[in-house]
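Below, in structure tokens: the form predicted alone, a single chain.
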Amino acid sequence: MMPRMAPRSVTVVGPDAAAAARGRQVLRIGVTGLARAGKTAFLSSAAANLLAPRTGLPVLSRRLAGRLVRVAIAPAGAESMPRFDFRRHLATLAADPPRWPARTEAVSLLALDLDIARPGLARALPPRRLRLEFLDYPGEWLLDLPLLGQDFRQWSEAALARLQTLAPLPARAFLDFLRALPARAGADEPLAETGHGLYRALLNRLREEGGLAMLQPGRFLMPAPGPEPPWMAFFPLQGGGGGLFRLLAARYDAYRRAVARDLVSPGFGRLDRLVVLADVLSALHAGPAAFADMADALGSIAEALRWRRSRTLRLPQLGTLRLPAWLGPGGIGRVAFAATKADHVAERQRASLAALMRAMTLLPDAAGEARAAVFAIAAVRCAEDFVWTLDGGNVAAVRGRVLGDERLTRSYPGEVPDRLPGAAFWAQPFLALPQFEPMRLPDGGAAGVPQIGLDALIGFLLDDVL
């Protein structure tokens, strides 16, 4: 479990120093997600709705009861981390016709300054000054956390078993390359480069064409900034005893050391809250293999984030790693797992979607002091509920405008299970989600962005500081 933790407000180093000097309490919220989960839409909507809380976030507005005095985008100052381009993304959503913003391909920070009046008799005191820092954290990097507990042999066996089970045809070229290698191949650099190239191209293909999510190493798909070091050139290999195996194992260990360094870096070593997004509905459409793959990815992330009694972790071949604060006791105070695109199913199915996310992350029904919760959200709403007469009966469906088409299109993809689906569910296909365009924004986004569930999620993350 993850214990509650108050956001830091006194001595801060790194990117928070300027904010702390101005007396602001800093709360850093990591926002991550699996491929195509909607991180850019989430961050754009969160900022727009916090800037217009009375219209954009009704749940939060009721919680604050008029105490929110001021919200503004925080100045970048002398910070080195790139800023999330909120205004450009909001302009894309507010265009005519509205468009979806391009997905982010790099780490960025969105910072908002809030002034909140104190409740009750304390209202006469100066308002609380809070800075919310939303860190766009690559989901691919989060999937590297399980590697810290696996040596090269263990990881190779698991990775190759997944390929042979889930994707034997797409993986044929890479698997044929492995079969052609000598039993005790030497430490040959061209062989290492060739195998790495084949494996990396396969991971990209499985993400883009196969809809798979449990793809490791994550930095093969989302490299860290800067030039790529030579030790990145490795791939899974079974066996052992040959020079090539030892070379790849050494590079794998160098990769894990880099992952561990990233976890304690000023940018990523301090998170107070975390949001994990996943497009569960599209995984249902992709079929049982893709759905099981997403469930594995979410389960691995949830397991890696669970509270540990010790701040240290014994790693195979690497010795002892001191965990970053957010992975040890007193780390992340609250975690929100959110199934996105909830507006693509009718309101009565959204509770089932949240329950399915709970089953995939193996969270208990009552999170207690762990302060982990699940949500079904649409950060940027693109469809409305609609009763559709289908095959002589009424069906709770949705409708919206498909990209490039002014006409309203009806959609009913199927029933969302409230638990991990069995064979009976897969006997009936779950239909693909239409590519709806975003709803028109009132006042060009100045009055907020239409959403479902986002205000409840933000309220959960901020409840103890409000």
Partner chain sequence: MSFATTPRPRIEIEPATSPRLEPFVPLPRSRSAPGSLTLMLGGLAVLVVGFALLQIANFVADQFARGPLLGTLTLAIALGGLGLLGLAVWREIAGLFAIAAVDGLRADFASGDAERMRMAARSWLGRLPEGDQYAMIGASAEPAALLGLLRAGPVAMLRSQADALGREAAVQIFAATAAIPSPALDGLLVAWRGIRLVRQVAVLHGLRPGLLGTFALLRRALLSAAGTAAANLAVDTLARAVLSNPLLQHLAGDVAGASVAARRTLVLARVAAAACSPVPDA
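Only a predicted model underlies this, so the values are computations on that prediction, with no experimental measurement involved. Residue numbers count along the first chain shown, from 1.
This protein has a second form, the form predicted together with the partner chain, left out of what is shown; the following refers to that one.
Partner proximity in the predicted bound form, defined as non-hydrogen atoms within 4.5 angstroms of the partner chain, places exactly one of 207 to 215, 249 to 257, 377 to 385, 144 to 152 at the interface: 377 to 385. Contact check for residue 164: every heavy atom lies farther than 4.5 Å from the partner chain in the predicted bound form.
In the predicted bound form, residue 123 approaches the partner chain with a heavy atom inside 4.5 Å. Contact annotation: residue 359 falls outside 4.5 Å of the partner chain in the predicted bound form, judged by heavy atom distances. The partner chain in the predicted bound form comes within 4.5 Å of a heavy atom belonging to residue 390. A heavy atom within 4.5 Å of the partner chain in the predicted bound form is found for exactly one of 95, 292, 81, 363: 95.
Contact annotation for 384 to 406: residues with any non-hydrogen atom within 4.5 angstroms of the partner chain in the predicted bound form are 384, 387, 388, 390, 391, 393, 394, 395, 396, 399, 400, 401, 405, 406, listed in sequence order.
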